[in-house]
Each structure stands twice: as structure tokens, then as C-alpha cells.
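Encoded as C-alpha cells, the following chain is the form predicted alone, with no partner shown.
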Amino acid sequence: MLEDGRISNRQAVFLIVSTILPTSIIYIPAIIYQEAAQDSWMSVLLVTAYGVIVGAIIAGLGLRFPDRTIVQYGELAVGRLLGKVVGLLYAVYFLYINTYIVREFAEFTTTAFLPETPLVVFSVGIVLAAAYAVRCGLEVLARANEIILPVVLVLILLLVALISPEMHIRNFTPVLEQGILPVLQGSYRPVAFLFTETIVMVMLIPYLSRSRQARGTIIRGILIVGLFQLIIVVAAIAVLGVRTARLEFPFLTIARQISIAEVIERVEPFVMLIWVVGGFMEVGVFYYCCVLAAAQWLNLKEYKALVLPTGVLLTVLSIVLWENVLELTRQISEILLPIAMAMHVGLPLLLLTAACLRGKGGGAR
């Protein structure tokens, strides 16, 4: 075990929420509305249900090997050679998906708040902050998140409450005007990319204080994310209506429309605060999973030696892989989504099936 720390199951729930929620509240309302229109809230319910199923698969796999990460038990499930391939795939994947997260963080901050600032400033800043947290260990990362996440959730609820006078129920009618198909189409991209990011638990289950409760932990995290995503989507539809599909950042637009008695106005800095602290935790979790997976795959005695080179690589890749935000968006749809489906669902399901057929794995603590 390269990590001596332990985290409580509540801390694990918080980490799951922080891994998924920051990106989803910024981008998902517009993505879903483009397909499902006023029925987007139904797509959120479908996405959440699917996330629960994926979470159950990940938990079932982890519970068969409660003291090992996927890099370690891959060899037991499918043999040494294939297990090594699985471990390498996940180490690379955690790095790869984090490049998207870092770039999205930099793009949003630049586009919405500081357009004259180079992207590299935000990429370097978020990676440096995350690198420090990762070097401090999983316990420190989890404890920091116990402070950060409640602030994020309270701010989201506060902003929604402040905009509630501008909400209109008529924006949700007619219900199922085009049938159920748009609702299903609206759930595809969130399902494939965001709500299955509980894949980080394949690296964290061994460090839970009560690993036998991993399934409930993962499901609670997904349900909390689903609840807050439903709140955001409903607020976006109720306030913006059809404009939701045309806006790049609907939640930010909602915040900019808040005006109460000409006293409470221009609260969009709160959205930036949510994005910065939430983005820090999201980058940090995937960063940690990447260096831990790489260290275990290389059979190193500790993972901290990989933090700095991984951070440099992460920063460089987040800048050079895409020329602009349009290219980033295109690759998310055409390249990342199929890869995410395979890594989040397909491969864990294959490993779980192979472990069951070969009788590998035992019970949880």
C-alpha cells in the first residue's frame, strides 16, 4: 500500500460529489437542453439512474478485492499480462481525462471572467495547487474537501434561491412534446462523461475505513450529484427557457440576472468561486488517482516522486492538445465519450465478470 492514510465513507461521498458536480453545473444544462428541451429534467433523472447502475458495478468489483486498487487486482482477475495492460490503461486514462478538466477550467475562467489572461496562467495555477494537495496525501485531500464542498453546495442553493422570483413554470410545457426519444438523447453525453466519473473509486475503495459499505457510499454520492444537477437544470429552464440551448454557460447567465431591490446584484463572482474551488478538487482527485496508479504499475515504493513530472505533463498536454475551445468540444463528443464509456463501464464489467468466473476475490472489511 503506497498510501497509509484512510478516509471515512462520508469523505468518500464528498469526493465523488466534488469529482462530478463542478463541471456538470457549468456545462450540462445547455448540453441536455439542446436535445431534450423543456423535458431536460427527465434526462437528469435517467442519467442519475444510469449512474447508480454504473456505481453498483464499480462497487461490486471493488468489494471482491477490498485491499487492492484496479491496478493491483487486474492481474488477479484476468492474468498478469492482461492485468498489466489494464493497469496501464487506467493510469493513462486518469491523466488523459484530467487534461480535459484542466483545459475546461482554463477556458471557462478565461472566457467568462478574465479574457485578457493567457490560458497557461490558469492551467499552471490549478495544477500547482492540486499537486501540493496530492503530495500531502489522500487524507489531506479528503479533509480539505470536507471544508470546500459544503461551501460550494450552499452557494449553489443560495444562487438558485435568489433567482427564484424570475422562474416561470410555463417554460416546462408542453411535456414530452416530441416523445421520449429526445429525453434519451439528452442523457447520452452526461451519462458517458460526467455521471460515470465514480470510476475514481476503483483507486479509492482500498482506503475506505469501511470498505464493505462502498456500494452505499458510491450510490449516495451519485444521488447527491443528481439532486443538485436537477436543481440547476430546473432553474435554468425556469429562468431562461429556450435560451438555455444557445448559451454556453447557463448557470453563469442565471447568476448575472440576479437583481433584488437593486441591492443584491452582480453575484457572478460566486459562480467563479464555485468553479475555482470545485475545479481544484476535481483536478486533485484525478491527479491523485493518476500518480497512485502509475506508481503501483511501476512497483515504486512511494508515489510522491511522480507528482511533479505528472503535473508538468498534465499542464503541457492541457495546452497543446487543442487549438481552441471548438476543437476541445468536438473531441469530447467524438473521441472522449466512447473512450469514457469503455473505461467507466465496459472494462469494469468485463473485469467483474472475469473475476466471478475465475472465482477470484474475497469479501470486504
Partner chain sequence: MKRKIALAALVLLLLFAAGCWNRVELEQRAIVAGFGADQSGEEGKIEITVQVIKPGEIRAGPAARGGSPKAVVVYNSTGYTFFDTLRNLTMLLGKKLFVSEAKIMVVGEELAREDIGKVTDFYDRDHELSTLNFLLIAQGEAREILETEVGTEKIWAYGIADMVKAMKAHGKAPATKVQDFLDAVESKTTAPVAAAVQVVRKEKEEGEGEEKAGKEKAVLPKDLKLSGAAVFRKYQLAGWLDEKETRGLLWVTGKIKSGIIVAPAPGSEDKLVAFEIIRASARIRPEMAGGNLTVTVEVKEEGNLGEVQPDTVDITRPGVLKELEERKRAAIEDEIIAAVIKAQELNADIFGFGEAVRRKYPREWKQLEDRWDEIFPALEVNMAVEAKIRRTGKITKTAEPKP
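Small disclaimer: the values here were computed from a predicted structure and weren't measured. Positions refer to the first chain, counted from 1.
Another form, the form predicted together with the partner chain, is not on view; read the next lines as being about it.
- Of the heavy atoms in residue 242, some are within 4.5 Å of the partner chain in the predicted bound form.
- A residue is said to contact a partner when one of its heavy atoms sits within 4.5 Å of a partner heavy atom; residue 112 meets this definition for the partner chain in the predicted bound form.
- Shown alone here, residue 209 lies farther than 4.5 Å from the partner chain in the predicted bound form, counting heavy atoms only.
- Proximity of residue 266 to the partner chain in the predicted bound form: non-hydrogen atoms within 4.5 Å are present.
- No residue of the trio 4, 137 and 229 has any heavy atom within 4.5 Å of the partner chain in the predicted bound form.
- Stretch 114-122 is the contacting one of 212-220, 114-122, 287-295, 73-81, since its residues have non-hydrogen atoms within 4.5 Å of the partner chain in the predicted bound form.
- For the stretch 33-55, the set of residues having any non-hydrogen atom within 4.5 angstroms of the partner chain in the predicted bound form comprises only 38.
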